[in-house]
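Subsequent text provides structure tokens for two forms of one protein chain, presented individually as structure 1 and structure 2.
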Structure 1
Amino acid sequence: SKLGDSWQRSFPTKNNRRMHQINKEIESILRGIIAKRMQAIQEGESTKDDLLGLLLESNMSDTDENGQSTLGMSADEVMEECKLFYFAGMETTSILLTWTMIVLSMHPEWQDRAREEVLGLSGKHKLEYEGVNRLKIVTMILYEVLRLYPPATVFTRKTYKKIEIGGITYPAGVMFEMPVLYIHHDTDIWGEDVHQFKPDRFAEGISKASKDPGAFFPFGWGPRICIGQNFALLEAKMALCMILQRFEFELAPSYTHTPHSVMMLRPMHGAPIRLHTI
């Protein structure tokens, strides 16, 4: 965030000035919320069971291996964590649902199959957690959308020690970029139909969807895999089910299919969609 702030100052274009202004407004609001919560805690109020409360509680109870108090996160670091959780936890799921509605508008046969599955499980009643876990077609659709349009198109990793990868030895401190979008569209891995929307490729799960079981990684992989993966998929499934239960939808004539990556992969000109109640 501080690097981005510096970059915005170095290139004072109209958009960068606006981004800088918005960032300052967000930080001012968050600092006020943090200060108010810390004052409440100091006055004896119990810690609230939310992200900010957990961060501040951890900050106040940080101890080392000898039981001695250690310096926790600064207010700025707590603020950055709040920004990251909101951005990573809300924006990505929103973009996933947007692409899903676009794709299901382009492929009404899959929209019908998904709706039939949802209505078959719960009718127009709220789908409970057990029912969500039984959604096979909806899950396949979401996986295929994540393959074709992963919100995060690239992941970056850094070697923390000397390591050999693919027969080449790299020292510590080397930055690697993992091109998620490219790998998700690699014909050698997925086949000649790689650019087609085919949820059926996930019919037997992720590991059997391609020639390489590790080729699908919209949430990252390894020890730093997205901690919100299961929640994001649950949230997306429930939101999509509620939409399918109530509406049929199609793309408006003004829609232009232009995937565009600015931080995340999104439709450049938005997603005008017509909804019809059912």
Structure 2
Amino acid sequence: SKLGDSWQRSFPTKNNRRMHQINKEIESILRGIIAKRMQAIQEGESTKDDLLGLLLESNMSDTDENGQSTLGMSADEVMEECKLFYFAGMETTSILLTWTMIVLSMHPEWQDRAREEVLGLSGKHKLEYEGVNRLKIVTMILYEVLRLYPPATVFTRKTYKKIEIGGITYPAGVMFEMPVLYIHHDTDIWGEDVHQFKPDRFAEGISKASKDPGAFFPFGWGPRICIGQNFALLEAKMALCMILQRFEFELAPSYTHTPHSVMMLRPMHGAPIRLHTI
């Protein structure tokens, strides 16, 4: 965000100025929320059982008597964490659900199978945690959507020292891109039907879905793997089940299939979908 901010300032186009203004607005709202919460904590109120409360609490125990952070995060860093959680958690999951609705509209037979599964597990009642864990078809569908349309198409790493990777030595400061989208669409790994929507390939789990058990990584990999992946899948499953229990859906004629990646992979012209109550 710091980088984005200076970049927006150095090219003062209309768009960049607007982005800068929006960023300032968001930051001032967040600063307000943080300041209010800090004051409440200082006045002895409980920190509440949420993320901001936890962040601030851990932070305050690392703050000296003048309010200067010793080990903890600065107020700006707490704010950046809030932005990251909102962005990383909201956009990604809503895009996953959007693609799922699109793909299930294109493949009504899978929409029916998913609905049958949900209705079989809990009828039209709210699905409880246990029921969610027993969803097999729905899970396969979500994996296959994440394979074909990973919301984060690429993530980057930077060498911090001279390092050898795959027989080549790179100096410090080299940026690497992990092309999730390409690997998810590699014929050598997934087979000739790589571009087709075939949830069955996940019938025996992720490790058996392709020739390379590590080739499916919509949530990243390694120490910085998505911290919200279980939450995201749980949320997506619950939302999808609630929709399937209530509606049949199809794409509106105005839909055009244009996957487009700016920050995240989304349908460029939106997803007009017709819902029919059942």
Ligand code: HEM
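Only the largest set of C-alpha atoms that superpose within 1.5 Å between the two forms is called the rigid core. As the structure is a prediction and not an experimental result, all values here were calculated from the model. Counting starts at 1 with the first residue of structure 1 and goes up one by one along its sequence.
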{"query": "Which of the two shown structures is the form predicted together with this ligand", "finding": "2"}
{"query": "Displaced residue check between structures 1 and 2: residue 163, CA, 2 Å or over, core reference", "finding": "yes"}
